[in-house]
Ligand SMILES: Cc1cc2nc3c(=O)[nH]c(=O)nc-3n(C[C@H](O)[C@H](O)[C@H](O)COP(=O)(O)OP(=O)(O)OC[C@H]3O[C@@H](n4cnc5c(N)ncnc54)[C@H](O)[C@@H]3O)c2cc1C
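In the block that follows, a single chain appears as structure tokens, in the form predicted alone.
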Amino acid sequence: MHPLKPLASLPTHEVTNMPPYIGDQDLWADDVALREGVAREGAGWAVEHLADFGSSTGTTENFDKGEQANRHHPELRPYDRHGMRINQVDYHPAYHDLLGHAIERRVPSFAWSHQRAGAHVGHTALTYMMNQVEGGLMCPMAMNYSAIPSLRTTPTIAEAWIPRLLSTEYDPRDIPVTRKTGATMGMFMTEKQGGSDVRANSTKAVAVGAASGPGAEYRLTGHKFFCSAPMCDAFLTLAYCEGGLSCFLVPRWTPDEERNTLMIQRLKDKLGNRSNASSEIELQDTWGVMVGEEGRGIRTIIDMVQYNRFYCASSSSGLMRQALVQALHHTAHRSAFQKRLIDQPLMRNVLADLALEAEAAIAFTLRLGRAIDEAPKDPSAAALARIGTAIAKYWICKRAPAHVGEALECLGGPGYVEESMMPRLYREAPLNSIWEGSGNVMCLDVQRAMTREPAAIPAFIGELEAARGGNAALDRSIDALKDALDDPGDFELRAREVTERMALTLQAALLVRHAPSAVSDAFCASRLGERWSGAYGTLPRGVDFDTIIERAAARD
């Protein structure tokens, strides 16, 4: 991507058969599946905001800022020039620019600022579009969004913090939050010895005075192994107190406007997500306040985890969409053997297959958004949101790395070069499968939802049955899935297999009901067929490749 026209002639040769710079992208107008899904799932009232966001976000300038923020990594500055401990992280200005762009346009606050049907659907669309530009800023955006339900469990804390988190003003200054125009929220739960098993945590919390319980002051001591976005104004964390494992809000500054003892020990040298700092933090008699009931820390923070998992699915869907856009652009403007790549039969099979995966992913996440919107008043929707989020977090995030890798291969050698942005997308893709619960954890969470929430399976099956009769392969898959769910034997051993089948069948049902027949028939014929291996470019004969590719490549 480059705004200036380069030389097309060099002393030794002319530059030919090279795709032009992709230029500005309209992340809303160019995405038919997104626009249809938003209208279908109840956020048609938000189209003006989403359209403005899509055009203003997908600019060459913003994509270049994403590249700059990744090239110039965050730097830890534990001390100031006088030797005073300040525990700061310095970010490239491009990172702050993108974070400001997202906050000012309500990426983290949209759902909570619009208390109406479709609010979480609109939020999904914003997340999906923003992540296509740069994934590193989505961590603080996710946590600003997901912290709201947990904070609401303790009214005094909610009153002090929620308005700041919902602010549309980005204030990067490291000063007491009472002096700021907006705030960001982080989270650190995991410790070396436990990882996903937070009950193995060893961090301790001791009440400051006689008072204890929700809203009371505590001092925390321990070591947290992963803390992303350590520049945030406050963090939710877990620690053991007398009443058991509890949730605490730990700010960067104490109420006395002293720096809290959040000691950043180091920044992680990560595979991807490089624009976003991830750190290890020591809590050394660190001031905090309890959020939620004492001994109910996991219950208090579980809603935050659930919303973050939903965020992961939306973000991975965005990565797949942008990888597809890059592959379509390159193949539409590159020729081999006297024919454009996009006109080569096998390449068309690959591109169509990538397009099916991307459309199924965004259809699934938007449907979850509607379930989350309806959950407070509809127990069936709440059950679907609960089990569906775990399924989507597992499957969509699991498919993203292979999808981006295949799209990278469509570009050939240029796709392996940093300037193409494909390596950045490729490094980003595995993260969402790890963050907030790896694949095994998610599949076991699906099992947990099935056994503990009686409404989960009926709600899920009801969503599938709404599409029955639309495709014979789907009907067979629904019946086979019912048999698998009725068999309790060795379920933990089969959890990945069953979760995958649930994901594919639900995606197929959504496409059969709402997508053009060319899309749904191809998806069902491939994903629900006996010979499907998961490899891209293996769509069977009879697929309407033209319609699928044209639908995905609206801009070209």
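As the structure is a computational prediction, the values presented were derived from the model and not from experiment. Sequential numbering from 1, following the sequence displayed.
Here the subject shifts to the form predicted in complex with the named molecule, a form of this protein not shown in this document.
J.: Indicate whether the named molecule has at least one heavy atom within 4.5 Å of a heavy atom of Ser167 in the predicted complex.
T.: No, Ser167 stays farther than 4.5 Å from the named molecule in the predicted complex.
J.: Taking the named molecule as it sits in the predicted complex, is Lys270 in contact with it (heavy atom to heavy atom, 4.5 Å or less)?
T.: Contact with the named molecule, yes.
J.: How about Trp161: is it within 4.5 Å of the named molecule in the predicted complex, going by heavy atoms?
T.: Residue-level check for Trp161: no, no contact with the named molecule.
J.: With the partner left out of view, is Gly415 within 4.5 angstroms of the named molecule in the predicted complex by any non-hydrogen atom?
T.: Close contact is absent here: in the predicted complex, Gly415 is far from the named molecule, nothing within 4.5 Å, heavy atoms only.
J.: Pick from 244-252, 97-105, 224-232, 286-294: which stretch has a heavy atom within 4.5 Å of the named molecule in the predicted complex?
T.: Contact criterion met by 224-232 only.
J.: Which of these residues, Glu436, Asp353, Asp445, Asp373, gets a heavy atom within 4.5 Å of the named molecule in the predicted complex?
T.: Selected option: Glu436.
J.: Name the residue from Met129, Leu384, Met189, Ala183 that puts a heavy atom within 4.5 Å of the named molecule in the predicted complex.
T.: Exactly one listed residue reaches within 4.5 Å, namely Met189.
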